[in-house]
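One chain is shown next in structure tokens, namely the form predicted alone.
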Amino acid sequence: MTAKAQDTGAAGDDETRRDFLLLTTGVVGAAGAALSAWPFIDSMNPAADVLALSTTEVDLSPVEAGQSITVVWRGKPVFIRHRSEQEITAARAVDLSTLRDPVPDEDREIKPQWLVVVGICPHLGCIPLGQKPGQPRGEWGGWFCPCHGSQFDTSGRIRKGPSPTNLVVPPYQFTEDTSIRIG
């Protein structure tokens, strides 16, 4: 072999070695960046306590007609009212053209006797009264927000006051005749 051929061979080995070292360094650097970023990325996942609150199971069997209970779902109060026949009839007899946020009663419940709403006034986030016996329920027998005077009917619809919308109906489903899962 000539000297020129030996130089080319050595240069070829150097280039191959350099390419290998660059590739290896790049792979190790990328793996190190991924491993150091993982705790930050993992911290963006919801905490276990938040995941545990994503759904709430409620047994409705002890709630009698005319009674209400409050449960917590995602840190918010949820009002569940076992409506009487009179409350259902009154809620369905409303002329929708008189409502600020016109939604039929039938679209706000799955079973007519059970109304499930988030117990936070859409105006400024207050918690309306009307869950306990003796608390003011407003002119329409639903809920009354004492902060600014919003009044809701037995379907959770705004009837009077500054609230722009009805009480929110959370996603829920019946798992049995007297048991629901909220969320």
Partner chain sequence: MSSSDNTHPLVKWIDERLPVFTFLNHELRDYPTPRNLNYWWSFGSIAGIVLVIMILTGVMLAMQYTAHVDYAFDSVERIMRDVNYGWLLRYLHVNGGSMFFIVIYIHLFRGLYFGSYKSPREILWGLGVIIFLLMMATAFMGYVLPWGQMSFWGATVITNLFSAIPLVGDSIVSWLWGGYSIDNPTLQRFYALHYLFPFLIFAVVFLHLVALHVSKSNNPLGIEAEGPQDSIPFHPYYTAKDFFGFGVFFLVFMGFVFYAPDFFGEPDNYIPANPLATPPHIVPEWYFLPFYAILRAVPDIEVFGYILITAKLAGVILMFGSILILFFLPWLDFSKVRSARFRPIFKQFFWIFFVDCLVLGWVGANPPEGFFVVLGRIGTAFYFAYFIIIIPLIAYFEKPRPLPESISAAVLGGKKGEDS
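Rigid core: the largest C-alpha set superposing within 1.5 Å between the two forms. For clarity, every value in this text was computed on a predicted model and none was experimentally measured. Positions refer to the first chain, counted from 1.
The next section is about a form of this same protein that is not shown, the form predicted together with the partner chain.
| query | Exactly one of G26, G32, P46, P136 has a non-hydrogen atom within 4.5 Å of the partner chain in the predicted complex; which residue is it? | reply | So the residue touching the partner chain in the predicted complex, by this definition, is P46.
| request: Evaluate R100 for contact with the partner chain in the predicted complex, applying a 4.5 angstroms cut-off between non-hydrogen atoms, and reply yes or no. | output: Output for R100 is yes: heavy atoms within 4.5 Å of the partner chain.
| said: Since only the chain is shown here, I'm wondering whether L124 would be in contact with the partner chain in the predicted complex (any heavy atom pair within 4.5 Å). | reply: Yes, L124 lies within 4.5 Å of the partner chain in the predicted complex.
| query | Is P62 a contact residue for the partner chain in the predicted complex, using a 4.5 Å heavy atom cut-off? | reply | Result no; P62 lies far from the partner chain in the predicted complex.
| request: Would you please decide whether Q67 lies within 4.5 angstroms of the partner chain in the predicted complex, comparing each non-hydrogen atom pair? | output: Although the partner chain is absent here, Q67 would stay clear of it in the predicted complex, with no heavy atoms inside 4.5 Å.
| request: Scan 75-111 and write down, in order along the chain, each residue with a heavy atom lying within 4.5 Å of the partner chain in the predicted complex. | output: In sequence order, G75, K76, P77, R100 come within 4.5 Å of the partner.
| said: When the rigid core is used for the superposition, does E64 move between this form and the one not shown (threshold: C-alpha shift of 2 Å or more)? | reply: No; E64 is a residue whose C-alpha shifts by less than 2 Å between this form and the one not shown when the cores are overlaid.
| field | Large Cα shift (2 Å or above) at P39 between this form and the one not shown, core-fitted | value | Indeed, P39 is displaced by 2 Å or more.
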